[in-house]
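Below you'll find only one chain, the form predicted on its own, shown as structure tokens.
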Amino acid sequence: MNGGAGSTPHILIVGGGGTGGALAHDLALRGARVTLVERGEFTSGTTGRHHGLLHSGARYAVNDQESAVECIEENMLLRRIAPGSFEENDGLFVGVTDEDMTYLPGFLAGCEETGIPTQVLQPDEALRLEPLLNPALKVAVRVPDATMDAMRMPLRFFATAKANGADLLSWVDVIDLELAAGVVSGARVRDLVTGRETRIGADLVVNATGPWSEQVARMAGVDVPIRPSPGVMLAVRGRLCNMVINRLHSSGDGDIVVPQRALSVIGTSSWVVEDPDDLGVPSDHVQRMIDEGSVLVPAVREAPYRSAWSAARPLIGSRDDADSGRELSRTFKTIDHAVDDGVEGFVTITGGKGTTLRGMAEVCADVVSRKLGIETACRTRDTVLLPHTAAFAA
């Protein structure tokens, strides 16, 4: 049933990635009735497959400063509300060629303009911190990157939303949205375990399906300018560094090495696809991770292979805007389809990164609240999250 006039507004969130979980948490704190459906396990799409880097924003400080500011603000905030979820190990941007050195002045200026603290290190200072770095490095810049578990940190939002009354349903697929007279009033769903089909009515439906948002938006007869852009990541055995190691240049393939427990994760490549369910792991991309990663940390080339996988980023842009995905911003957007397309009761949130999931949810929840007359302000900036294990409580 819907919330109806005078009752608690009911919001149906489609998509159980980090953004959907953070939005459920935000709206539950505002007193809304929240139902979230996810066709697989929570965080099993893009969220749980990234390399686990809490971005400082420095990667975007030169060419995508809007994303850089979003990252550094959320980086500092997440450390406060999710204590214990991060290795606060910092990161190094390492220059190894003359071309990298020409990037340094603009990089430092961009970090200063976007509020990202930096510390320039000489080669001997960097090698004392990270002995397995390329010994031919010319400079390193220390920034407040960190490492997190890509699934457990977002699950803290699910856990807290659940404790505050949100109804979180995994293995439930949306078959179609209910659309009549230009208004979305709910969804037809199928339980993928039992096969049972049913209706979930709602005062408003939020499409939080990341790279699948274009597919869900079509059910309401509207278009979402999204470009699914996968990237390959490679895990090798051995913790080859303790800090996050980045290449000091414009974003490129294989230019990040992230320590994850007893592994090192090298990422990533970038291309664009039509179907986010059909990605593959191209072997030449895996080789590129080895080649480029070993420029930063030579031991990558000899480290034992553990696994390789791919995940699709939900980048904002039309199909004519990108060849590789690197041309597109990493910022995020909330679309009120009543304003953009004349379809009421339907909102899409897309774009962004794992680092900015809370901020994305706040902006989207503000839009939802204005539409439904919810007056309670956002409280997620100061609410400490429950541990991820609470997500599995009965």
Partner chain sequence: MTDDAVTTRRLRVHRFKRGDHQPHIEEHDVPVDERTTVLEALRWIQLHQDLTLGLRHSCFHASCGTCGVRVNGKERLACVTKLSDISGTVTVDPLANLPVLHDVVVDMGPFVARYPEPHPIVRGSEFLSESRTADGIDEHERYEDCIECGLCLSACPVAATDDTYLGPAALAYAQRLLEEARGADRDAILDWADQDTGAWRCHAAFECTEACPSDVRPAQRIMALRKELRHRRKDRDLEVPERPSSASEASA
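Owing to the predicted nature of the structure, the values given are computational and were not obtained by experimental measurement. Positions refer to the first chain, counted from 1.
The form predicted together with its partner chain exists for this protein as well; it is not shown, and the discussion that follows is about that form.
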Contact stretch among 81-89, 249-257, 213-221, 98-106 - heavy atom within 4.5 Å of its partner chain in the predicted complex
81-89
Would its partner chain be touched by all three of 19, 178 and 338 in the predicted complex, meaning a heavy atom each within 4.5 Å?
no
Have a look at 303, 286, 297, 141 for me and say which one sits with a heavy atom within 4.5 Å of its partner chain in the predicted complex.
286
Looking at 112, 167, 291, 149, which has any heavy atom no more than 4.5 Å from its partner chain in the predicted complex?
149
Residue 359, heavy atom within 4.5 angstroms of its partner chain in the predicted complex
no
Within 4.5 Å, heavy atoms only: does residue 135 come near its partner chain in the predicted complex?
no
In the predicted complex, is there a heavy atom of its partner chain that lies within 4.5 Å of any heavy atom of residue 188, even though the partner is absent here?
no
My question is simply whether residue 199 lines the interface with its partner chain in the predicted complex - judged by any non-hydrogen atom within 4.5 Å.
no
Relative to its partner chain in the predicted complex, which residues of 226-261 have a heavy atom no more than 4.5 Å away?
235, 237, 238, 239, 242, 260, 261
